[in-house]
Structures are given as structure tokens and as C-alpha cells.
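Shown below, as C-alpha cells, is a lone chain in the form predicted on its own; questions about how it binds or moves come after it.
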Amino acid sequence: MESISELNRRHGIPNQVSFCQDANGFIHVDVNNPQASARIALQGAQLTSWAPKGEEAVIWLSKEASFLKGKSIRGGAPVCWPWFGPHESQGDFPAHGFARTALWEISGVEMQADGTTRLVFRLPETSFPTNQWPHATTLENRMTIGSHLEVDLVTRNLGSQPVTIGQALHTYFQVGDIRTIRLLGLEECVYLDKVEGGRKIQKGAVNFTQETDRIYQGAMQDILIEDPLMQRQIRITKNGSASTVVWNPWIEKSEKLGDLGDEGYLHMVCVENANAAEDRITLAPGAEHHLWVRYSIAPVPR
């Protein structure tokens, strides 16, 4: 792993992109351009903050989040790959795959003509545990930081046989109060209810009054998080994903998880662009897949 001084020398941009290391040895990339600020941990290539200039934070990070090597970070935008949830046959494999706790490399940083900053992270070959994933694949996480945020998770199959992946951008959004927000854009979608069981159809907007854990299927359209307390809408536009996961652990599960902080569940909602359940992706030899999303904010319409 390159030193902080070497990372800053090779990839830093004066007054815009810099690298630092915290007391636990975690390396972070800080971006501060004319449009926005952001922070990304090299472990997991995980975005942990993003805020357009003059706006409150859009991405939620738990006050109790632990930054420990090999441990998941509660909040931000974890990368779930190459499976979503528990492994289908190996119960001792890590939930949501190994990419979110692996150490990534940064392979490119660019200040773009429109004032945004583009960063490219790559999962090195040494971070693929062959006992869990014996396939010849590559994985990149490409981010564009500006007044909107774009994330492009790119998987390539370099092998001679098809490969099937499940994945998600497990993004936690900051909200004023989970009990007052609503999600628009999932109306009439069929969803798998992982709390109550079964398949259901979404009628009207999604509201939150209890633990919610759902996989919406055939969900290709834009989704809006309408937040009256923060007086904003977060718009989620995506491509390469036909499933959307919506999650909030509520009170009892939050206490069991232990790293959401006091009443942390009230101020976050996960809306995850995914390839999960029946929506997993099979890549032919030589093919690649892009799981792409854009996040943007706007005032709540009057």
C-alpha cells in the first residue's frame, strides 16, 4: 500500500483532493471542489460523506460507526458485491460479499472541465479471496463528485465461462425524521417483504412506521425521497438495475445492531440500487456490467 505522501504526490490535486490517515490506520480521500465536498474510505471504496455546497449532508454516517480494518462501516454507501445478503450456499461467507471490507486502490483522479471531480477505485487481484470467488473478474468503482453525485460500479468477466453476480450500492441517506418522509416512484411495484414475508404490491407512496426491509422488483424509474423537515427531495436515477432495496431497521433491530447510535434509525433510510433476488446479472465471457446511479437534491415543491 502506498504511503499518504505518495498518494498525495501521485493523485492529490491542490486545494481539491487530498489523502489522510486516521488513528486506526484507515486511509480517506477528501474532495472539496467548487460544487461539493465528500470523503471516501479506501477500505471498500466506500463513500462516507457527500454534501453539495451550501447544503446539509445528503449521506448519513452513524455517530457510532467504527473504522476498523476488515470491519464494515455503518453508513455511507457500502459496495455489496459479488452477492447481496447472505451467500446462497455458504453460511460462513461474509454477508453482502467481500468488496465492502477489502482494501481498494485508487487508479485515477481527475478535475473535470465542468468543475466536478472524478475518482476511479479498483479492487486489486490480491483482495479477491479465491475460496469465495474463484472467477476471473475485475471491479471498479467510479465516482463523480459535484452538485450531483454519480457512482458507476463496473464488473468485467475476464474468464472463459459465464459469471453470475448479485450486488448493491447500499446507500444510507440523511433524513430529518424517518416517520415524516415518503418515497415516490415505487407505486405498483411488486416487492419481497423480508420482515413479514411474501410478495406484495406497493400501493401509493412508501411510508415508514416500523422495521422495513423490502426488495422492489422491476423498479427502473426515478425514486424521490421527499423530506418535509429538511425541505428537500433526493432524486435517485439509475441504470443497470431492476431491483431497489428499501431498508430501515427501526427501534428493536437498531438496538441489536449496536452501531447506529441513539435513535440513529430516525435520521436514515437506505434506498439501494441493486441486482438482487431474481435480478442477479449473468456476464458472458468478455462482457461487463455497469451499475450506475445519480443522486441529486432539489427543494420540496410547494
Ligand code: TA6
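Values in this document were obtained by computation on a predicted structure and should not be read as measured data. Residue indices: 1-based, along the sequence shown.
Keep in mind that the form predicted in complex with ligand TA6 is missing from the display, and what follows is about it.
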**Prompt:** Pick from His148, Lys71, Arg156, Lys194: which has a non-hydrogen atom within 4.5 Å of ligand TA6 in the predicted bound form?
**Reply:** Lys194
**Prompt:** Pick from 239-247, 60-68, 37-45, 24-32: which stretch has non-hydrogen atoms within 4.5 Å of ligand TA6 in the predicted bound form?
**Reply:** 239-247
**Prompt:** Can Leu257 be called a contact residue for ligand TA6 in the predicted bound form at 4.5 Å between heavy atoms?
**Reply:** yes
**Prompt:** According to a 4.5 angstroms non-hydrogen atom cut-off, is Glu110 in contact with ligand TA6 in the predicted bound form?
**Reply:** no
**Item:** Residue contact check: Glu226 to ligand TA6 in the predicted bound form, 4.5 Å heavy atom
**Value:** no
**Heavy atom of Tyr172 within 4.5 Å of ligand TA6 in the predicted bound form** = yes
**Fill in**
When ligand TA6 is considered in the predicted bound form, the residues of 268-299 having a heavy atom within 4.5 Å of it are Glu272
